[in-house]
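Consider the single chain below, provided in structure tokens and representing the form predicted alone.
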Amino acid sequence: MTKVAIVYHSGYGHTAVVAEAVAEGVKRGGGTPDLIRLESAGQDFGPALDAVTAADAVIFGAPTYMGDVSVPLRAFFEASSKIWMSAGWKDKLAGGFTNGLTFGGNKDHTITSMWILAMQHGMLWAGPGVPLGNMAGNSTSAPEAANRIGSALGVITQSDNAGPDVTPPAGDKEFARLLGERIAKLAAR
């Protein structure tokens, strides 16, 4: 069975909710998710790096803090340099997701940071492949619509200033599931 590593950091629990939805999508796509939560920039990244190396695909996730990935994911990226030197992740399938308080907040830059890391490693990047929420048979970009914010490069979600038991909304979670499902199916090919 196709194994998909989901490497993410979540500061307040909202990005963890998105990561769990991605994992549900991986299962829906016939794959086996491996949720790897990063806790701090100072942790031992060896087990997480090994898990990505052993997986058929990887999906990176982080909240958008100050317009970019959070520090634990950035530190994980830097810890991957020895793997980069040996081209250990070359041709591995990759994707990404982010969450933040606002609709904008430069979340596209967060996804771009993930994409650039993947390109540095020679990985193959796959976006979600989901049309804009208001184009997929919906008349609005309501919270129930997948891709309501409009992202082609990765999954972008938004959480209100409430707990992760309330937000992000259903459409954002489905958008995350669709990414996980797509990555699992593509990796199985």
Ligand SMILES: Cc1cc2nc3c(=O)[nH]c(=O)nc-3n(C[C@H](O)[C@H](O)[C@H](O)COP(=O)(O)O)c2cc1C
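From 1 onward, residues are counted along the sequence shown. All figures in this text were calculated on a predicted structure; none of them were measured in a lab.
One more form of this protein should be noted, the form predicted together with this ligand, which is absent from this view; the next part is about it.
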{"item": "Region of this chain that lies against this ligand in the predicted bound form, out of 124-132, 66-74, 142-150, 24-32 [heavy atom, 4.5 Å]", "value": "66-74"}
{"item": "Residue contact check: residue 87 to this ligand in the predicted bound form, 4.5 Å heavy atom", "value": "no"}
{"item": "Contact flag, residue 14 vs this ligand in the predicted bound form, heavy atom cut 4.5 Å", "value": "yes"}
{"item": "Contact of residue 81 with this ligand in the predicted bound form (heavy atom, 4.5 Å)", "value": "no"}
{"item": "Distance check, residue 119 to this ligand in the predicted bound form, heavy atom within 4.5 Å", "value": "no"}
{"item": "Residues of 90-105 having any heavy atom within 4.5 Å of this ligand in the predicted bound form, listed in sequence order", "value": "99, 100, 101, 102, 105"}
